[in-house]
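One chain comes next, on its own, written as structure tokens: the form predicted alone.
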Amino acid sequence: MNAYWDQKACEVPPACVIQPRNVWELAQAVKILRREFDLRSERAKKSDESVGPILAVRGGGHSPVAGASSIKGGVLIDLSLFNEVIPAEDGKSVAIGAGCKWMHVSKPLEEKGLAVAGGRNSAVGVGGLTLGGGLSFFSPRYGFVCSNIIEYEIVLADGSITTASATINSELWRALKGGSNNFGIVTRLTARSFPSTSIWSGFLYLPPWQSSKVLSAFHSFVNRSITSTPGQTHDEHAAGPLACFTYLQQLGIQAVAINLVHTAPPANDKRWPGCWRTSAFSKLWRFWSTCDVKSLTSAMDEMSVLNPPGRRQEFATTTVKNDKVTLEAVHNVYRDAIATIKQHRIKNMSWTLVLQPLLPEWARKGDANPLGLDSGGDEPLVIVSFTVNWARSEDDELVQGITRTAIEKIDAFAERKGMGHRYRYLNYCAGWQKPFEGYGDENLQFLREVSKEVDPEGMFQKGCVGGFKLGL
């Protein structure tokens, strides 16, 4: 139970934990659970009651959403023994067990000079991140993580084992590219791999009085995607920037951290890569910088250690256009919430606002997906997210309320100014949010149709907690 990242999830005891050793054992478990689900469904029809969930599935266990991979009194299927990482002989793909974390994937690939478009935090699970879409250091070059999955092995609700690819079960293949756990239990993913050695990455740490300059630098850099100014165009090897603004309640201080990455650093060059050297970030006054050439695994580990396990966690997110005034309003909402946090003296609370670019062109790279970002213009977007952690269970509702209020204020401002966007990145959503509505009506209907086809009785809609459901 202590394997979860979010302490809240560690406190939700299941009736039992199943750890299947292979896909056939998992299929047998699903068949048993399906029989129980069918019995409960029959009873529910007679009593006119709803069917309660009976199972949860845990891959990496890194979600802060209550019940995402935990279930009180039900059956928890733990996929941690699905941990294979098998690169193809030709170096163009790798089979990855759905129970792996990204640290398990990057290390063996590095030994072969390879990488995949995968997670940026080494402790995050492969399955959950990929099924939610997935952002990567390589997204500017290859697109979303889900758009680089060649094939899925999946156990369906009736216990059958099947694969989904561009030529086999192609609609299910597309639906899994952002459709979360609404179709079955994915056991293995085959991802495209490509040559990669070291990357240039790290954090800049700055005082809070630099915040307005950080917002300006962020806005300017993200707008490079729509400029033709020589020396100022977008570099597809440049990932980020991730601009993080944090208030630490215990110390009563604020700080700013900026993550910069370049996935093709020049050889034997100690200087910053050109795109970052010519950006306003290089001129910001800072306490220190960790930016340097390092292995992909080291860069992912640096992300992971900033928010270790053992704390109560909450996410929430929205998406806005890359508008300077809107970004300033977003930061004002973050800053105004600090007064409420101080007033309630929420123990050991860390309150962090993260801004990161989302370019619609990324969604058009790799395979088609149902995220709904491939249509429309190329106007750059910004994912706004709050990453919050704290110490005491008695503060859970208060913290979640502060986070929800902040998102609602940002959405209200963006809507008034015409700077909002419907998309919500599923992996950053709070439990109360509805990411599939942000995919657009046509894509949501597509996901629902695929769900009905592969799971007509709705076991993964009604009987399985976790992820976000399709409203069937």
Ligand SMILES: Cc1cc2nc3c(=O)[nH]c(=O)nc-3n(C[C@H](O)[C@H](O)[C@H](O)COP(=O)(O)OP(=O)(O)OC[C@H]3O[C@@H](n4cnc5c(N)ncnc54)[C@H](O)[C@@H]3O)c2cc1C
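Quantities reported herein were computed from a predicted structural model and do not represent experimental measurements. Residue numbers here begin at 1 and follow the sequence given.
Below, we turn to the form predicted together with this ligand, even though it does not appear here.
For this session: Could you tell me which stretch in 342-350, 216-224, 114-122, 287-295 has residues with non-hydrogen atoms within 4.5 Å of this ligand in the model of the complex?
Result: Single hit among the candidates: 114-122.
Exercise. Check 140, 241 and 272: does every one of them have a heavy atom within 4.5 Å of this ligand in the model of the complex?
Worked result: No.
For this session: Using a 4.5 Å heavy atom cut-off, state whether residue 427 contacts this ligand in the model of the complex.
Result: Looking in the model of the complex, residue contacts with this ligand include residue 427, since a heavy atom lies within 4.5 Å.
Exercise. Does residue 131 make contact with this ligand in the model of the complex, using a 4.5 Å heavy atom cut-off?
Worked result: Yes.
Exercise. Closest heavy atom of residue 276 to this ligand in the model of the complex, within 4.5 Å or not?
Worked result: Taking the distances in the model of the complex, the answer for residue 276 is no, it never comes within 4.5 Å of this ligand.
Exercise. Do residue 406 and this ligand come within 4.5 Å of each other in the model of the complex, heavy atoms counted?
Worked result: Close contact is absent here: in the model of the complex, residue 406 is far from this ligand, nothing within 4.5 Å, heavy atoms only.
Exercise. Though this ligand is not shown, can you say which of 258, 371, 327, 79 has a heavy atom within 4.5 Å of it in the model of the complex?
Worked result: Of the listed residues, the single hit is 79.
Problem set entry | Heavy atom within 4.5 Å of this ligand in the model of the complex - residue from 30, 447, 68, 410 | By the 4.5 Å heavy-atom cutoff, the listed residue in contact is 68.
Exercise. Who in 59-87 is close to this ligand in the model of the complex, meaning a heavy atom within 4.5 Å?
Worked result: 59, 60, 61, 62, 63, 64, 68, 69, 79, in sequence order.
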